[in-house]
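The chain below stands alone and is given as structure tokens, in the form predicted alone.
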Amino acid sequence: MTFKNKCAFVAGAGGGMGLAIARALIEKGCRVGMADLKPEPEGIGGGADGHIYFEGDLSDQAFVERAVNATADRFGGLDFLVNTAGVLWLDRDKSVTDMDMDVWDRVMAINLKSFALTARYAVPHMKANGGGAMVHFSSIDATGGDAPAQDAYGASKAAVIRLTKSLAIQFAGDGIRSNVILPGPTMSPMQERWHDDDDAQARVAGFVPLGRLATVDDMADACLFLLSDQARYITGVELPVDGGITARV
């Protein structure tokens, strides 16, 4: 897979999966616009010619418009969009019968609206470029209910799948592909509750047919494949990257 002289916009690139994807793209010659509410991480690589970083709220339309357009202007167009921004607030995200609905609204803004906004401003640049590819990150949690519930998270991630498929159909004629990755249990900042708990990691890994938790690099590898020309005839699909969990049900 080569991404030399291509340009990507990666939302949620301040850490975890987004940062791993941005770094992997940069290593393969892609120029990357990175955006997150977090400050710019150290050691991204690529230098000033390889990436540009925007610190701000991805659910804010003006910020997203500015960041996407500035990326395309800086690097001469836009080929790829990757959406990884998301929150999992286990302490606040509960059943809809109990939760503060302001939490619901904020989770939906971060986990779903941000994806809609980045697509809104990326698609015109991809059309002008003659095509492109998008990868959006959902979760295997989107495929069923759970207890205890995180209803805002699950509903937002299910909506990401639907949005992905809609974008795939809307813009297939423009040569723009749209796919969604459903990660399984992954050692990332979102799952910090596992980081210092070896027993919890072992319990979760024991539920995974492949016998381990995923890494952010596992997600980056799958994402780069879906962005690449090797996936040129793949659009509108949901790809579980979950070690076999969803094959069990």
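Numbers follow the displayed sequence, beginning with 1. In this text the structure is predicted, and so the values were computed from the model without any measurement.
Absent from the display: the form predicted together with a small molecule. The rest refers to it.
Which of 66-74, 220-228, 25-33, 53-61 has heavy atoms within 4.5 Å of the small molecule in the model of the complex?
Among the candidates, contact is made by 53-61.
The small molecule in the model of the complex: within 4.5 Å of a heavy atom of each of S138, K157 and T186?
The answer is yes; S138, K157 and T186 each reach the small molecule.
Taking the small molecule as it sits in the model of the complex, is A116 near enough to touch it, meaning that at least one heavy atom pair lies within 4.5 angstroms?
No, A116 sits far enough from the small molecule in the model of the complex that none of its heavy atoms falls within 4.5 Å.
Contact flag, F80 vs the small molecule in the model of the complex, heavy atom cut 4.5 Å:
F80 lies outside the contact set for the small molecule.
Would G132 sit within 4.5 Å of the small molecule in the model of the complex, counting heavy atoms only?
Close contact is absent here: in the model of the complex, G132 is far from the small molecule, nothing within 4.5 Å, heavy atoms only.
Determine whether any heavy atom of V208 comes within 4.5 Å of a heavy atom of the small molecule in the model of the complex, and answer yes or no.
No, V208 is distant from the partner.
Partner-contacting position among M99, I110, V123, A149 - heavy atom within 4.5 Å of the small molecule in the model of the complex
It is I110.
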